[in-house]
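One protein chain, two forms: both are listed below as structure tokens, the first as structure 1 and the second as structure 2.
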Structure 1
């Protein structure tokens, strides 16, 4: 939101390619959309969270089960589940003392798959 109008030096290219740059500028989505998109991918950009998401894609699980599965502390898992929930990727359900987490929808799987396609094609 804090648009900057600093002293980015222009070069000859900018003049030569002015039309191209302007065309691209017009086609770019609004700053906010791209920021949100980056925020979403940032959530996927951590191996702990990726592993949690993958696990939840297989089955609904409680915090302590995920902790044992990934061999990490409950606290660490709980912190990351919070991030995942804020990103609207997981939801939870209370069953007595236990809190069960699951995926909100199946987008996660599709995003995974796209990523894997890229990785497996190098």
Structure 2
């Protein structure tokens, strides 16, 4: 593990490139926005939620169908859908007694697609 840390490249000088630092500082989002972004990425940090998002990426589905697809209980799926809904990643609509879930918008699809592209670049 020590070898891993020793391989990180570092500057051997203490020169501050003020123009670059100021340019980046001016474009840096507000701290609250960065916090919210970190919280969003935490939601993506659970493989069950990723599997649910993948399913909803393909089709609108009800809790029963997602539970069968992922071989999980409806209760477990409902819990994860609640987290995804609170993060504004999924939405639902009632159709009689059936509640159908889908991705909230194309931004969620884009995040998912970009993540897959990134991990497949290895």
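Residue numbers count along the first chain shown, from 1. Superpose the two forms; the largest set of C-alphas matching within 1.5 Å is the rigid core. The structure presented is a predicted model; accordingly, all values stated were derived computationally and were not measured.
Structure 1, not structure 2, is the form predicted together with the DNA. Remark: with the core as the superposition reference, the CA shift of residue 30 between structures 1 and 2 reaches 2 Å or more.
After superposing the rigid core, the Cα of residue 98 is displaced by less than 2 Å between structures 1 and 2. On rigid-core superposition between structures 1 and 2, the C-alpha of residue 114 is found to move 3.0 angstrom.
Once the core is aligned between structures 1 and 2, the alpha carbon position of residue 17 differs by 10.8 Å; this is the C-alpha shift at that site.
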